[in-house]
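Quick heads-up: it's one chain on its own, the form predicted alone, in structure tokens.
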Amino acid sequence: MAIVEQIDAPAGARRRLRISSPVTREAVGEIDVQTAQDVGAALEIARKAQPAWAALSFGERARYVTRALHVLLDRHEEFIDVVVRETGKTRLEALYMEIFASCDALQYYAKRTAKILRDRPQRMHLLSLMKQLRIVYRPLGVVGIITPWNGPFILSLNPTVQALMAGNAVLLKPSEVTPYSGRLVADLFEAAGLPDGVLQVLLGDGETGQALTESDLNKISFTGSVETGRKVAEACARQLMPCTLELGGKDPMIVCRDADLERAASGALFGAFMNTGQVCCSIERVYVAEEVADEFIAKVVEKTQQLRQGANGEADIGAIFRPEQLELIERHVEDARAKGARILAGGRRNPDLEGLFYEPTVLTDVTHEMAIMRDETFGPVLPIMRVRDEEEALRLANDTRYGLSGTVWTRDKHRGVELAKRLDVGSVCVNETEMIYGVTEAPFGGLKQSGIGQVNGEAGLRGYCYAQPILVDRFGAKREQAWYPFTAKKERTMKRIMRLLWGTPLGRWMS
């Protein structure tokens, strides 16, 4: 992401931030930090706009989303320019990670929300002869969405379109270091004709984010670090406000002795180095069976040395998005080196490039005593550890406070699935990597300190609703058996019903 500096301002004036490119260090622009008063004013506007938006049918909301899709297709080069200038991604990476994925999300929810959120009858195991049950999905109201810098457009658009299609108004707060990429979401929907007040973008840093989490919202959706996520959760808990937290990871890769090593090595590179390793579900630890470790490591090193790094042309690896992240990567690598790790590729800033470039790096002889195997690195670094067998790999893979995702590599797909079930993570890929968030049908979230709740798919979309059950009497009798008056006869009848339902095989089958 961009380099952020606070600009001196007169006393009493708004704080102002200057954004600079991580590639050229040239200024990208400046933003004012929006205050708690600004957040309150935006919330008031959203409250007034939301009921009319919720009153639209799914088809009517979908028309706005479909228009946004057409705008994005027409203006995608302009959007790529903004993302690349602000983040230092390669253009192809910005195209498939930000634009392609956003097009898919827009189309998916425009086309399928009506089916997923339609009122539905629910058959009951008891009472179905006398009552009818319906589940109705009602919008929550106004949702606050706080998004990170590593996927600033897609990670802002994806939850926004879900919340909008569910009938909510949205206050979107993108990261202060990629504000222009986040603001593209508002530009997109404004061009699509979205009614005023339904989507508003708030620019600023932690001050703005804190004000948003302490506002009278109906939900917060947060994507970011564990440390900030904990603060968001505490603020929501004080207000009894629901939240979804998609936090960090230290995702393991298990390479079994029967894995296709050519595919596994290529997958390891993409999983570790895509977006310069700045993805929550990047591969950050590899556990490879001893029998195939030498061959696997040799393939990984050879492929890593062939990668091209730069900001222009057909580059494979872009820049680190911010100086603080580059410094953290260097600390992790130096800690590992000092504790006995071997650097087989990379291990330094790229001396041939200006800006925040760190070479794709491969390490071996790593242990869990090293920060690089315990803490989220979020950089183009691939530590590889030899293990005796899959059981040791599983034990080490689960030895972490994180639990976002993981990968398993084996020619035996059935065994791969069985191993995946034993990983203490929210999602797993078998012989695949970096794909699960992009599978729109798949609910995505983490265990342990990697988050609360899930995004995407039916579960994610329904998370922006309140599932309201409505029970309707079928026949309109004057009174129910359980109603007043209470009598000894009613007590005897209820006991007979209990014995019938749960004391006999026929009754248990019926219930």
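Please read all numbers here as calculations on a predicted model, not as lab measurements. Just count from 1 along the sequence shown to find any residue number.
Missing here is the form predicted in complex with a small molecule; even so, the following discussion is about that form.
With the partner omitted here, the residue from Cys280, Leu363, Ile372, Ile320 that has a non-hydrogen atom within 4.5 angstroms of the small molecule in the predicted complex is Cys280. Proximity to the small molecule in the predicted complex, taken as a non-hydrogen atom within 4.5 angstroms, holds for one residue of Asn168, Ser181, Thr213, Thr433, which is Thr213.
Contact annotation for Tyr464: none of its heavy atoms lies within 4.5 Å of the small molecule in the predicted complex.
The small molecule is not drawn, but in the predicted complex it has a heavy atom within 4.5 Å of Lys173. The closest non-hydrogen atom of Leu356 lies beyond 4.5 Å of the small molecule in the predicted complex.
Contact between Trp409 and the small molecule in the predicted complex is not found at the 4.5 Å heavy atom cutoff.
Contact check at 4.5 Å (heavy atoms) against the small molecule in the predicted complex: all three of Val232, Leu247 and Phe444 pass. Heavy atoms within 4.5 Å of the small molecule in the predicted complex map, among the stretches 410-418, 200-208, 117-125, 258-266, onto 200-208 alone.
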